[in-house]
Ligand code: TRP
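As a starting point, one isolated chain is supplied in structure tokens, in the form predicted alone.
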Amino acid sequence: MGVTPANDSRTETPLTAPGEIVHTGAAEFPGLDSWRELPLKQQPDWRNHPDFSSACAELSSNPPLVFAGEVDKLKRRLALVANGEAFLLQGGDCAETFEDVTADKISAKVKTLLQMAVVLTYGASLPVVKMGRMAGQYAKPRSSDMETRGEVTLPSFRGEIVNGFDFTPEMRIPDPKRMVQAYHKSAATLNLIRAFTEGGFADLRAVQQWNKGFMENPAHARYEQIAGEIDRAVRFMSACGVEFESLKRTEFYAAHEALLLDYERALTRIDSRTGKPYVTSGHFVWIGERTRDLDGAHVDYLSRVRNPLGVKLGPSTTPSTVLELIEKLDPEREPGRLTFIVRMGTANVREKLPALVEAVRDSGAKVVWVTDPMHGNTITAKNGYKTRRFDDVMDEVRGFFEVHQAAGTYPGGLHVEMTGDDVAECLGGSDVIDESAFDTRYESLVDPRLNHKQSLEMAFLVAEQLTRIT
């Protein structure tokens, strides 16, 4: 963990050089604002709000949250994933909340992702690129612009970057000042993540001790062999005098759905080295299933920035659409530029995914393939809570691996909604969660997440899959 792969011999760009970004709103870059004339979905009605212009102006003048050098480094890491030389782990909240920007909440998520990464690293015998759905995942798409309860109809909750969760007229009015608040919450989150991952929190020996706590539960006995092998490997390195100083830190990247283009546009900056625009709200941004229209504003805008990009692909995606997305978003076939995040559902993955994978394979394009086994498996429990079955989630992961094995392609990563807390939102797992726990331990404002134990169990199960292909 934290070691630059040996086959990446290029000089790394310093991570902390603000001078590498020209501190402007990038208005002078040709074509950057053409999205404003295109169909724009999933946006709040707030452009006539009296605070809209001032909020955007403040964001445009604020320092970037990430730097171009960090973004370029991540792209090189993702190029390794595309080539089958690394694995991507991406996880975090369905929708972050302002209230949860605390040291305890952030450290729990980072800790869980680090634990998962150690297990996956062992299973794959490859580096794991670690990426959080963190420090920017404050916006959520909605099926309807309005929500009705009884005789009252109000705007839908779109995440705390837009409006409040409580069903009152005051809370549900979209407020552009919330974008500024989200910026500051993201800055605080990134600051703490950097402190954790650079300050010894990510020490491989400490992470393995955390995993021992997981293994003390008899429900997880089936994973004892893998856990024991990892522990022996760590102790072997220590006995051989391996320099653990280099294993006390790790790279960790921030990602979110680029849903609010007003926010992303205000945080776009020009790299002084290349004169190219970068979204500086996060290292990696993705386009959702609801906003990936080929002629829409989201695809147009993100095609013009230099960040590595993701696109969510659901069961309605056709091979021709996938190839057109490649042409729009990665016309130069740049390694690490484009990631397809597949969210088919366990009922569809084995039937719908093969045609997409084969079309990309046959085109010669090199993308990162990642499974999102959460969004296609959402159900409503008998007591009314939105939930997911752990077994369905894992079956979609298995289907994803099976499709790639049959196509001769590489299953490059895992994208999950998870938390480091002991919540009860998804059913099942070895340490079983049932519906009776929802009333007291269900905390998500939007979609259900795997809890800490379920997340780590998933890592062990995926590690078993990885050992078969590496």
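Counting begins at 1, following the sequence as shown. Here the structure is a predicted model, which means the values were calculated and not measured.
Separately, the form predicted together with this ligand exists; it is not shown, and the next lines address it.
The closest heavy atom approach of L247 to this ligand in the predicted bound form falls within 4.5 Å.
In the predicted bound form, K130 approaches this ligand with a heavy atom inside 4.5 Å.
Residue contact check for I193: none of its heavy atoms lie within 4.5 Å of this ligand in the predicted bound form. Interface residue remark: A124 is not counted as part of the site for this ligand in the predicted bound form, having no heavy atom within 4.5 Å. Put simply, of L329, A139, L204, M374 only one has a heavy atom within 4.5 Å of this ligand in the predicted bound form, and it is L204. This chain is drawn without this ligand; in the predicted bound form, the residue among W210, F98, Y385, F165 with a heavy atom within 4.5 Å of it is W210.
Shown alone, this chain has one stretch from 392 to 400, 114 to 122, 376 to 384, 336 to 344 that lies within 4.5 Å of this ligand in the predicted bound form by heavy atoms: 114 to 122. Annotation for the pair V110/Y223: C-alpha atoms approach each other in the predicted bound form, by 3 Å or more compared with this form. Here's the thing about G420 and Y223: their CA atoms end up at least 3 Å closer in the predicted bound form than they are in this form.
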